[in-house]
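Have a look below at one chain only, the form predicted on its own, in structure tokens format.
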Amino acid sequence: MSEKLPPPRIAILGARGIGRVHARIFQALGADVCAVLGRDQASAGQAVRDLSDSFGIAAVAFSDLKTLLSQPLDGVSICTPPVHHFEQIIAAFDRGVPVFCEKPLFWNDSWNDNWNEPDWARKLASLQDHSNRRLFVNTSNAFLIAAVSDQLPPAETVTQFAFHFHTQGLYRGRDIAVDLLPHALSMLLGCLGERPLSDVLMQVERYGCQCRFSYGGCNVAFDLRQGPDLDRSLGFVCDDVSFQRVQEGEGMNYKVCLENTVSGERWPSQDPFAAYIAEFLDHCRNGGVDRFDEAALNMRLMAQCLKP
């Protein structure tokens, strides 16, 4: 009889907001959420108390990344602002710890006005070439494509692709694109694969961004919005086939499907977020190929869209 392995030990860097969701899903999938990093000890302590009260998670609070990474860990989940991602990923790699990172892979707020191609390219190359690279980036909505793959037209025939994502998020202006473009691009890649991107037109307003470009002969339009009064909505169109995400329940009762907006027929999907974290946990246990290549491609396309 084989010995039962202990649960993988996972640290959450930034356990408020989306980090709280990460912690809940990691725990539900059998991981031991053992540590939390906050901007200071008080913030980390508050996050730990919240996770304990809400989900029964017993984690230790840290305010110093080096000290946290000195603990025995099987993986870290990075949920801090994007400006911190690169340094935190490198620090984890240097300790040989696999990383599950929120999107985007990294971003510097100053690039919104002063694009720095050498700095961006250097960071991406540093991650790519790191000897301990084991990286997943949360562009999990692309998992939805699998539910309707047999309903979509052949990728090589698609000439029109549209995607919208409306949330009640707090970002404004160009930061909305930084937050939501990785999801839009992951859906595009899931439907059409890699193609050359050109002729970008970006229109930025306080509560939304519209991005249009040519994608290897396909006309692409993204409608990305955030605001307190918006109805949450995600959907995409491939030529004359249109799907809308439908969500029901929450927490462990959460269910998601894609609905054909014409026929009303629905196709159930795995919870994309949970499916992606489960894949990461399997990688932590068993190794294998990471998801860096798809994350890097997503970043390259995002940079093309966002260059001022």
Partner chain sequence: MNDDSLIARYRYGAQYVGDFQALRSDIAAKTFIPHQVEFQPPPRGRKICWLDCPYCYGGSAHDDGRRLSKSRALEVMAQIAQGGVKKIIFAGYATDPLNCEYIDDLLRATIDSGQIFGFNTKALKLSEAFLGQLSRPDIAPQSYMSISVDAGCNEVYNAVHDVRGNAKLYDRVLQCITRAGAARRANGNLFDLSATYLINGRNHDVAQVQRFIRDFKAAGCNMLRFAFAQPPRGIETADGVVPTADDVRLYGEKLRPVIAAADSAACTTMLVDADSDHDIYDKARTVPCFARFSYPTVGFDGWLYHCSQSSAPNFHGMAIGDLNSDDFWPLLYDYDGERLGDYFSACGLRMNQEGCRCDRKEHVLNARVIASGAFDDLVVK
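Being a predicted model, the structure only gives us computed values, none of them experimental. Residue numbers count along the first chain shown, from 1.
What follows is about the form predicted together with its partner chain, which we do not show.
Comment: 60-68 is the region of 259-267, 60-68, 242-250, 274-282 lying near its partner chain in the model of the complex, near meaning a non-hydrogen atom within 4.5 Å.
Its partner chain in the model of the complex comes within 4.5 Å of a heavy atom belonging to Q41. Its partner chain is not drawn, but in the model of the complex it has a heavy atom within 4.5 Å of P72.
Residue contact check for R24: none of its heavy atoms lie within 4.5 Å of its partner chain in the model of the complex.
Taking the partner from elsewhere, R9 is found to have a heavy atom lying within 4.5 Å of its partner chain in the model of the complex.
Each of C34, G45 and V48 places at least one heavy atom within 4.5 Å of its partner chain in the model of the complex.
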